[in-house]
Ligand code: BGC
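Let's start with one chain on its own, the form predicted alone, as structure tokens.
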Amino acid sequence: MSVTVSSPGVRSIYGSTRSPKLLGSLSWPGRVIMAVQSNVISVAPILTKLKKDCATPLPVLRHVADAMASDMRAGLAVEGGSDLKMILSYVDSLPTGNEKGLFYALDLGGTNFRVLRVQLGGKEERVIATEFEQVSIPPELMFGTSEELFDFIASGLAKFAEKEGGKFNLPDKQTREIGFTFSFPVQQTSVDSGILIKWTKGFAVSGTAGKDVVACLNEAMQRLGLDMRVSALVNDTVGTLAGARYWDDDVMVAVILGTGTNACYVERIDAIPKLQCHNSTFGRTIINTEWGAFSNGLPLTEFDREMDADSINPGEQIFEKTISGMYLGEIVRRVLLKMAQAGELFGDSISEKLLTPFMLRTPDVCAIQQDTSKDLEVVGSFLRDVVGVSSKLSARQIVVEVCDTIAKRGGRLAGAGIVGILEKMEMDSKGLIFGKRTVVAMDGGLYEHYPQYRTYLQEAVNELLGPEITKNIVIEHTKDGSGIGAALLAATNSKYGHNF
């Protein structure tokens, strides 16, 4: 479609250009724009429909929160009872601060693995010292055999352990114990064992699915003669909760908002009908919700549906696909591509880069929203250098508006999910959640680095709970909590107890 652009400018708080053709108000923090160019007008219906389909007014948030709580109950009642797996972690005792000794953590969740050691000094000294290293996994091992991968990991652990010294001290005749954070789908069978369901995140390792991943690692360490054992197998969300709980007894929920997303929380044993023959001296355990699979009543657009259909897991992980860092940039790209095709947003040619799936990343979307310059020069430079398109100011304003729309929906839905978890806990605990200080530990790059997303999340929590309850709910960033949390859970489940 060819469009003749006859009107050159915009009306804004920074100046005025008169024209009879007005798109209407485009707004985001600190800026209200009246865009007038004909190419802008041609994409107006797409933007209007996008905003309508992504809208998260209070009734939508309330439905999402209630549905989250309902699905949690269904998942606790019977295996496969809802989209939420509600996996038992077998972590019944959380760190108290009394833990002492030297413990290791291994975090395997992507193309790198991280090893960490921590010297714990009990109530008085707490964390005496920590050290960590990150090791890249060669691409060929992601498609190799189970033995090759775990031998490589064990070798990295051995090299790291060789550097132990200084403030790190292991008592004589003790085996080094590890908390193993394994961020792939696992059916946990005890606190120190779990069966791999399938590899994800680009891994296609043969010979591991259906096996105990702890046994795989322990056997690799034995082949090397490495005197170490795994005493706790944990999901990264569970590790985050444990790490935050070590410093703050009021932590009851942990959420990760990064490339992917998940949440876990402290649950009462008697509130888990599907649980049989599991005795807990503490009467509680941590439940890994796997909330990325939630899908009930989410406001979805044509772009979400197309992205889902094109994904490697269509029909699955719908909540994750609307709120996590892996997908926000791709949704924005698809919107901009349609605008470019339908309304010549960036001129009469379509950039090859804009046609490339996942070329637009969520950090790019965040950077676009941080541009406060008068003419959105940073946005213009990004569109030129990364997307390969030239842009007028009016087009750049629309790009910002699209980014804000997708981030706002994601943040507010994440906030509603958190409220759903809290409300489920509150209903079962008779006022013991909302009636006192309750902390939600947050980790992940999306939450940490995207201020608008964070703000939208908090706003949704405030709207749903109201000022009186909200003042007791603390959402607190816990950076890199899962690593030290895994080491702490190794200490909590140590075969030596705490008699150091």
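Quick caveat, the model's predicted, so the values are computed rather than measured. We call the rigid core the largest set of C-alpha positions that still match within 1.5 Å between the two forms. Residue numbers here begin at 1 and follow the sequence given.
From this point on, the text means the form predicted together with this ligand, which you will not see here.
Of the listed positions (Gly156, Pro185, Gly380, Gly347), a single one reaches within 4.5 angstroms of this ligand by any non-hydrogen atom in the predicted complex, namely Pro185. With the partner omitted from this view, the residue of Ala414, Ala407, Ile256, Leu233 that lies near this ligand in the predicted complex is Ile256 [heavy atom within 4.5 Å].
Proximity of Thr240 to this ligand in the predicted complex: non-hydrogen atoms within 4.5 Å are absent; the residue sits far from the partner. Using a 4.5 angstroms limit between non-hydrogen atoms, Lys201 touches this ligand in the predicted complex. Though the partner is left out of this view, Gly343 does not reach within 4.5 Å of this ligand in the predicted complex, counting heavy atoms only. Contact between Glu320 and this ligand in the predicted complex is found at the 4.5 Å heavy atom cutoff.
In summary, the region of this chain contacting this ligand in the predicted complex, judged by heavy atoms within 4.5 Å and restricted to 387-395, 94-102, 260-268, 351-359, corresponds to 260-268.
Counting a residue when any of its non-hydrogen atoms is within 4.5 Å of this ligand in the predicted complex, there are no hits in 338-367. When the rigid core is held fixed, the Cα atom of Arg268 travels less than 2 angstroms between the shown form and the other one. Superposition on the rigid core between the shown form and the other one places the CA atom of Met427 less than 2 Å from its counterpart.
Comparing the forms between the shown form and the other one, the C-alpha position of Ile197 differs by 2 angstroms or more, with the core used for superposition.
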